[in-house]
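The chain below stands alone and is given as structure tokens, in the form predicted on its own.
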Amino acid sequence: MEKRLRLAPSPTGLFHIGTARTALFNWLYAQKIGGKFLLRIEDTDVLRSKSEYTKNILEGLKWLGLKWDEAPVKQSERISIHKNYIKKLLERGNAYRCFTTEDEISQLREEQKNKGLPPKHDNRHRNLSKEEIETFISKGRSSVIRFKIDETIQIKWVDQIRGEIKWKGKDLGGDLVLSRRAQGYEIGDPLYNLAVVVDDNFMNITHVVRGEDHISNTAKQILIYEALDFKLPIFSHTPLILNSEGKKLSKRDCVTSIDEFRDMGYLPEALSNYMAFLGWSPKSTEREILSIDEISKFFDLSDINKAGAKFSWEKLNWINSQYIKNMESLKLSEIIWKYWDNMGWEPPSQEWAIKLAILIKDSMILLRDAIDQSKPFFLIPPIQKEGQDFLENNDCKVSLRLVLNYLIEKNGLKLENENAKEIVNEISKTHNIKKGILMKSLRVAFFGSLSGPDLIQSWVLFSESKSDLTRIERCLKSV
């Protein structure tokens, strides 16, 4: 039998990291067991669902490299089918019309609160006669459809992550609402628990992998599966992603949408790698930098932890920096070229861009770090106080004058790492100037301070962009 897993997001907001991690776990397990990864857009909340959010989810999945195997199913296109199954449940006696008003429900909840009881519907209309139903309808009362829950039963299933789970019928909050309010004998729009069961059955879903906040829904849905004679899938409930305080990660924690991670400069490969380790760790390798294809070979739902997974910016940043360091230099230069372009900076050549990417990649954590790291190579930086103080040293002025004269004399010299080193060695030896003084003098000329990336490699880049002479000259003019 073909194994089929799905992601079923609601397009009521931007693609959230919690949903993305669920998508990743589904995709990884599908790859592991040779199954299919499917997508269903649960867009039946007309007021909150938006097409731009659907687009955002699809684009986010593509960016992360999580391809689905069949055309996405839109739940809103199946509402009439959902209603037909509600009719079946009514006909079979598994469901009934409930005319309780919102005011009556509020009053019931207030009474329960005063008695210290949990909120729970009292199922008051479960056994209405045909005449009583007609009376309510004649008075213009709207009704929801409720599914009967036997409070004496115990729902049990074996979860692939948590083992056996038991849930008592009496703890499910009373008979379950299947549809929104409607007038007369109409059936209102179906609600989540009914639609999920019908659509998972329609899509032949064999494994349902979702967050632990759905455990109580699973208990309710199992009852609907059984009432409709549907085959139960295998359920797995993943741990929640927690913030530093141990609470569920939310918008209050600043960054939660995949768009925001992308805009901050995280690579999709790094984010996927990190998300996989949020609640899971491989038993057969100690490596932490793994592609999603590599992870899928190790991945198993039974290895996922039950406890919540704390989100760590430090760990995500480290993983992202490793991906940048290990990235092929041409590819990295093409990526960060877009950042340069946004700043209005034009590299003199592709070769120059590659050399700069090689120079700065080890000091980058985020892709957007390329802006600060590259800025001195496009714009002449101001001379900082420490640099200005160093320029007061007579040996510094002599060093820069000697280098400038050498470069002018050797006009047209193509500077490479080796001959740049030779220039430093020759001037230092010939004129009895300490190499350290000479190097620091050049660093102040190029970067305006005594710190910066590798001096020799930087000099080669400044030479190719024809700004090394300009930088040295401005220092000689300032002292």
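As the structure is a computational prediction, the values presented were derived from the model and not from experiment. All residue numbers are counted from 1 along the displayed sequence.
Just so it is clear, the following notes concern the form predicted in complex with ligand GLU, a form of the same protein that is not shown.
A single residue from the set Val144, Val196, Val403, Leu271 has any heavy atom within 4.5 angstroms of ligand GLU in the predicted complex; that residue is Val196. Comment: ligand GLU is not present in this chain, but in the predicted complex one of Lys361, Lys355, Lys83, Arg210 has a heavy atom within 4.5 Å of it, namely Arg210. The candidate stretches are 284-292, 210-218, 311-319, 92-100, and the one lying within 4.5 Å of ligand GLU in the predicted complex by heavy atoms is 210-218. By the criterion of a heavy atom within 4.5 Å, Tyr192 is counted among the residues contacting ligand GLU in the predicted complex. Mapping the unseen interface onto this chain, Glu59 falls outside it, with no heavy atom inside 4.5 Å of ligand GLU in the predicted complex.
Contact between Ser465 and ligand GLU in the predicted complex is not found at the 4.5 Å heavy atom cutoff. At a distance threshold of 4.5 angstroms between non-hydrogen atoms, Gln457 is out of contact with ligand GLU in the predicted complex. Taking a 4.5 Å heavy atom cutoff to ligand GLU in the predicted complex, the contacting residues in 1-34 are Arg6, Ala8, Pro9, Ser10.
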